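Take a look at this single chain in structure tokens; it is the form predicted alone.
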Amino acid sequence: MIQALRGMKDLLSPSSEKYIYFVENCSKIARNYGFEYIETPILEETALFKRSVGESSDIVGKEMYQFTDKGGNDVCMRPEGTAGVVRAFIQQKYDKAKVQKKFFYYGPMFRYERPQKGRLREFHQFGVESFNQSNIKEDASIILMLKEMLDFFGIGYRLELNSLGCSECMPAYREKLVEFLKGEDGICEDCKRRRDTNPIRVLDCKNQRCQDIYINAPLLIDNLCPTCRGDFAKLKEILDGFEVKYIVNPKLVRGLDYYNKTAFEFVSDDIGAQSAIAGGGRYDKLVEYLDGKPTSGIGFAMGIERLMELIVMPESKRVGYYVGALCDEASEPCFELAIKMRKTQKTALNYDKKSLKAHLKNADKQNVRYCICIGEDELAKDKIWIKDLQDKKERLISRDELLG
């Protein structure tokens, strides 16, 4: 028997209902903040992610679904959403026009990693990207929007903040960190690789031995330039004004190379060791990295599968109709009736003759409000039997009364 590939799952009810509930409500909140929907291709040039996500990241180093297509192109299935949105932003020449654009997206991403609870090889993300908004208030707005989404679903979290500096303060800090790392031979192989490509990423290592070594490492937050220090202070001031609780985590660096200045994560203790449920930050150089004009950018992404574990769906209300035939002769009238009803309301239909008890049971399973049945008596009287499954009342009505 052919089965789904390891780390990839079918999305069926009730999980599919929870997925739709999640993306619809996140989309509504994003639109309220002025964001518009964008959908980028699942398949992109591999170079897009190597240049944006960065060679030092685990995504590029270990996890991409990369292959050569029949045309000889080096392509891969998107491992994250930001790079594709930035590519689209440049391709549409929004960078040259210097327009302010705000996008939200959702859909599948792909990473070849060890499947575990809440982390699959095909997974879904919801994310937003905001371009040409360099004011620190946009950073605060993005964080407040994400907070509003998590609050809507009743998801518990703590917010962690950091500043990753800019091109003014990063080079001097990088030298200090590299100097510190030179004398540390006990770090893991990943950290040794990152030491030569993007040293700040070593602080993100999950190896406890490495973390013990980095206790005394210099911190970027202590080496910020006046501008970055002022922006970070202003961000905290705004969040304080909105009574948003947070902690400053000076070792929060995020997992991708393109971040600078503001970085943030919302983390939860309710999903095991993998505690990050959403995160993002500013990436003011990424558009330039991908051959666009200088453009500021900031965004976030959240893994939907991990959040679905924490979402409690509201109690569903009985909605719609179920139509069923009690005799063979009623099958055609039931079919015609259901087709007309579906133009204005949810209508389930059972084509086969069944007993009234069987139809009522099926209607109850589909959580509809009304069960409609047509049998020999109803055909003779040109009536329709209908029962309200909520208040348990039943009656005979005409077709015209039903269809309005």
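What you are looking at is a predicted structure, and each value in this text was computed from that prediction instead of being measured. All residue numbers refer to positions in the sequence shown, first residue = 1.
This protein has a second form, the form predicted in complex with a small molecule, left out of what is shown; the following refers to that one.
Enquirer: When you measure heavy atoms, are Ala30, Phe104 and Phe131 every one within 4.5 angstroms of the small molecule in the predicted bound form?
Expert: Checked in the predicted bound form: no contact with the small molecule for any of the three.
Enquirer: Can you pick out, from Asn223, Gln125, Asn198, Ser296, the residue that has a heavy atom within 4.5 Å of the small molecule in the predicted bound form?
Expert: Only one option qualifies, and that one is Gln125.
Enquirer: Of Lys251, Lys234, Lys285, Arg119, which one comes within 4.5 Å of the small molecule in the predicted bound form, counting heavy atoms only?
Expert: Partner contact (heavy atom, 4.5 Å) among the options: Arg119.
Enquirer: Tell me, please, which stretch of 131 to 139, 207 to 215, 239 to 247, 107 to 115 lies within 4.5 angstroms of the small molecule in the predicted bound form when heavy atoms are compared?
Expert: Contact criterion met by 107 to 115 only.
Enquirer: Do Gly84 and the small molecule share at least one heavy atom pair within 4.5 Å in the predicted bound form?
Expert: Flag for Gly84 set to no.
Enquirer: Find out whether any non-hydrogen atom of Cys228 is located within 4.5 angstroms of the small molecule in the predicted bound form, and reply yes or no.
Expert: Close contact is absent here: in the predicted bound form, Cys228 is far from the small molecule, nothing within 4.5 Å, heavy atoms only.
Enquirer: For Phe300, is any heavy atom within 4.5 Å of the small molecule in the predicted bound form, or not?
Expert: Yes, contact at 4.5 Å.
Enquirer: Find out whether any non-hydrogen atom of Gly165 is located within 4.5 angstroms of the small molecule in the predicted bound form, and reply yes or no.
Expert: So Gly165 does not count as contacting the small molecule.
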